[in-house]
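Just one chain is shown here, as C-alpha cells, and it is the form predicted alone.
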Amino acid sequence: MDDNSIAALNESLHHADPRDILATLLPLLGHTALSFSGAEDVVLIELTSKTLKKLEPALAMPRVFTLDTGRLPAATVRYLEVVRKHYALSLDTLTPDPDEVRSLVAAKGLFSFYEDGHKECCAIRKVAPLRKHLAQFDAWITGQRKDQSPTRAEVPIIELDSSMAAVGRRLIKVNPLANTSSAEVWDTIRLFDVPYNPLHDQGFVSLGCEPCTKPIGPNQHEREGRWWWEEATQKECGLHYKSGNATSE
C-alpha cells in the first residue's frame, strides 16, 4: 500500500462508520495486529469479530495483543482474562525487558516518573516491547480517537507509522474509531453487552498503570486522570507517533 493509496483511503473513509472502515481495510492489510487495553479497544475486538463473519472470503482475526507493564491495577489484569475468554482469543501479552526495568529501579527507585517525567519509564515498560512486537506485522489497528486529547486531534483513519522507518519496516496503522466519540464507544458497549473494565465504574476513564492513573471528577477531560502531575494537554508516552514525533495511549 503506497502513500497515494493511503491518502485515497483516508479521503473515501473520512465519514465512514467504524464497521465499514474495518470491512474495507481488513482485506488490504496483510499480517495485522490489534492493540487492546481499554474500552475503545474492546469495542474494536467486538466490531472486528462481527465484521470478519460477514467478509468473503473469510479472514482470520488479527493478532490481539496487550501490554502488561508490571504496574497494571489488579482489576485490569483480571479484565484481560475476561476479554480473552469472552472472545476466545489467543492474547499476546507483551512484557518489558526485566534487566532494563531492574536497572531503572535500581538507579532511580520505583517512582522516579513523579520527579523527572513518565517518558523514561514508559519507554522501557511500553514502547520497547511494542516496537519489538510490531516488527512482525504489516499493519496494526488501534483505538485512538480525535477527541481523546489535543495531541490526537488530527488522527487519520489510516496512516503510515513512521516509528518503524529506522529499521526499514513499512508499517500501516489504522484508527477505525478516529471520528468516534467517547459516548458512541459506550453506546456500543451497552448495545452489544461488551465486557469492560470495572474500574470505569469508579471514575477511571482513561486507564493505564496504577501509579500513573486516577479517577477524574465531573467535567474533567478523560485524559486528566493520566500522569496528572504533568502539563494537562500533553498526555502521551510514546506508543503512537505523529509526523515522526512520539506520542501515546
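Quick caveat: nothing in here was measured; it's all calculated off a predicted structure. Note that residue numbering follows the sequence shown and begins at 1.
What comes next is about the form predicted in complex with a further copy of the same chain, which is not displayed.
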Candidate from A128, M164, L160, L80 lying within 4.5 Å of a further copy of the same chain in the model of the complex - any heavy atom: L80
Please determine whether each residue of F111, F204 and P218 possesses a non-hydrogen atom within 4.5 angstroms of a further copy of the same chain in the model of the complex. yes
Answer for P195 alone: is it within 4.5 Å of a further copy of the same chain in the model of the complex, judged on heavy atom distances? no
Check R190 for me: does it contact a further copy of the same chain in the model of the complex (non-hydrogen atoms, 4.5 angstroms)? yes
Quick one: does G30 come within 4.5 Å of a further copy of the same chain in the model of the complex, counting heavy atoms only? no
Is D116 one of the residues lying within 4.5 Å of a further copy of the same chain in the model of the complex, judged by heavy atom distances? no
Which of the residues spanning 94-133 lie within 4.5 Å of a further copy of the same chain in the model of the complex, based on heavy atoms? L94, T95, P96, D97, P98, V101, R102, V105, A106, K108, G109, L110, F111
With a C-alpha distance change of 3 Å or more, do A7 and E40 lie closer or farther in the model of the complex? farther
Shift in CA distance, V174 and E40, in the model of the complex relative to the form shown here, given it is 3 Å or more: farther
